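Let's start with one chain on its own, the form predicted alone, as structure tokens.
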């Protein structure tokens, strides 16, 4: 009789579960993604300022 999914079984962990189980990666993504987006947004705003004559 086979037992259902013991912890010792060689079962592959899904990618998203490995991603969401890593708190330091989540912290990095939570800090880096807004930083990159706001930097790009700021550069776009600066480019749109007309040149003074």
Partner chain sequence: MATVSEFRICPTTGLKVHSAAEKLIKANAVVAVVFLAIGGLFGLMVALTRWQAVHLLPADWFYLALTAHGFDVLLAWIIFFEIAVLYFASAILLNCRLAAPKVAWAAFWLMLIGALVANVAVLQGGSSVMFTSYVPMKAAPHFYLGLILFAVGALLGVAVFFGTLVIAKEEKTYEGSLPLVTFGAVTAAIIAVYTIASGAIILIPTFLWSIGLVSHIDTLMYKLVWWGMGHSSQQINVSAHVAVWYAIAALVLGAKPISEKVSRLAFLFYILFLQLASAHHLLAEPGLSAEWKVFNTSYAMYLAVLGSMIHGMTVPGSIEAAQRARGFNNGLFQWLRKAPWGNPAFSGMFLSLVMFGFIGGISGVVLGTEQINVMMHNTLYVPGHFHGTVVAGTTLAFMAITYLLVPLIFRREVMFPKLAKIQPYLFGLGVLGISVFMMGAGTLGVARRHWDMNFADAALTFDYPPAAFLMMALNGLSAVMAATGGLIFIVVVVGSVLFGKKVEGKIDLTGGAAVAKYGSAGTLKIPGTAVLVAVFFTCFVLYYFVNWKYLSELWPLR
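Treat the numbers as computed from the prediction; the structure is a model and nothing was measured. Numbering follows the first chain given and starts at 1.
Form predicted in complex with its partner chain: not shown, discussed below.
- Remark: residue 46 counts among the residues lining its partner chain in the predicted complex, judged by a heavy atom distance of 4.5 Å or less.
- Heavy atoms closer than or equal to 4.5 Å to its partner chain in the predicted complex belong, across 29-43, to the residues 29, 30, 31, 33, 34, 35, 37, 38, 39, 41, 42, 43, ordered by sequence position.
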